[in-house]
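To begin, one chain is listed below as structure tokens, in the form predicted alone.
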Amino acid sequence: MIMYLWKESLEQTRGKGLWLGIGVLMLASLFLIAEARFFPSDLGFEAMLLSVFDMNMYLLPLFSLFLSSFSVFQEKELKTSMILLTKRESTLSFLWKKSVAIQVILISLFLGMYLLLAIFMKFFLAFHVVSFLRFLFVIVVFLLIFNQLGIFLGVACNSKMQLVGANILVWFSIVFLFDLMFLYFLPIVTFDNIRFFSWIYFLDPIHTMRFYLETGLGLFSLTHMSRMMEKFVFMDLGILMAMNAIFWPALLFGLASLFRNGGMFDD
């Protein structure tokens, strides 16, 4: 496992994609932090964190998908996976160790970026540790899901062009297309069928993470809600977050194992 972690850290830090992604995210976040100094002092820090999350919602999935998928695809392209698989390593074991290595390295590097941004947050705003830790928790779940999605795409695709197209299509579908579909079906949601709509809505991890963060930061209250809203939020948001954090990575790892032969991983 240590060998996989060391190899992944070298590959990711030597590539330009990681530093480009971190640079873009830091630059955009710094503008939001600087702007937030004009926010009201009582919830200004929390409003800034939500703004940073909203901005990350568009950029972070794209960087996460590309970095993790190309890390797996490179193993196939350079035939290093073949060398590893001949050393008494099964395909499933290889996928597991590669997934863990990608998750640990990418999450650590992006968390390092947010800790660096915390210095600027402390300088411009009244820093609230609990709110910041809650924000970091959401980011970890966010990266966990999209890194695993990228790993699945890296396994399933057989060419670079195919992989680039799949990454962009998946990113567009999750960030834009699914929301348009929810808006299309919204007028037919009634009190009787809102529980079904709620399940589908909260199975979209971006919706759950944003709602969890918004309520956790005290920017949206769950008290004194209408009957329809109470039926919509029928489960504790912490449980919904845990379900998304476990269900999607597990499903995507299972799919990656299933498609490994299609992606030319052979035992």
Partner chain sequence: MSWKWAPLLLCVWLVGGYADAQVVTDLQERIDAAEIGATLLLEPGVYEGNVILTKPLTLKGKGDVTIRGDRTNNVVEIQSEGVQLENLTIEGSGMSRSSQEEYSGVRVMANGALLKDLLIQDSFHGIFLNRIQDTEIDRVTVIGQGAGKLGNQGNGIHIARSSHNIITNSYFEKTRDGVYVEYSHNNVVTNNTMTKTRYGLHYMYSNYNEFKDNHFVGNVGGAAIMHSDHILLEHNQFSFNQGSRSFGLLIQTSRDVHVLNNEFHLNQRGLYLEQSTSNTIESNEFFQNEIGIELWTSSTAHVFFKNKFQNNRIQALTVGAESNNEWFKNGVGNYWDTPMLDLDQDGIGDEPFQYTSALSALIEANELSYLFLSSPAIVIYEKMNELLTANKIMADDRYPLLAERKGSFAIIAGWIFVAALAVFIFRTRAVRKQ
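As the structure is a prediction and not an experimental result, all values here were calculated from the model. Residue numbers count along the first chain shown, from 1.
Form predicted together with its partner chain: not shown, discussed below.
- The single contact residue among L60, L203, A242, A34, judged by any heavy atom lying within 4.5 Å of its partner chain in the model of the complex, is A34.
- Distance criterion of 4.5 Å from any heavy atom to its partner chain in the model of the complex singles out I194 from the list V100, L117, L111, I194.
- The partner is not drawn, yet in the model of the complex one stretch among 91-99, 169-177, 125-133, 152-160 has residues with heavy atoms inside 4.5 Å of its partner chain: 169-177.
- Its partner chain in the model of the complex is approached by P40, whose closest heavy atom lies within 4.5 angstroms of it.
- The shortest heavy atom separation between D54 and its partner chain in the model of the complex is within 4.5 Å.
- Among heavy atoms of L219, some come within 4.5 Å of its partner chain in the model of the complex.
- Contact between L237 and its partner chain in the model of the complex is not found at the 4.5 Å heavy atom cutoff.
- Of the residues in 219-233, those that come within 4.5 Å of its partner chain in the model of the complex through at least one heavy atom are, in sequence order, L219, F220, S221, T223, H224, M225, S226, M228, M229, F232.
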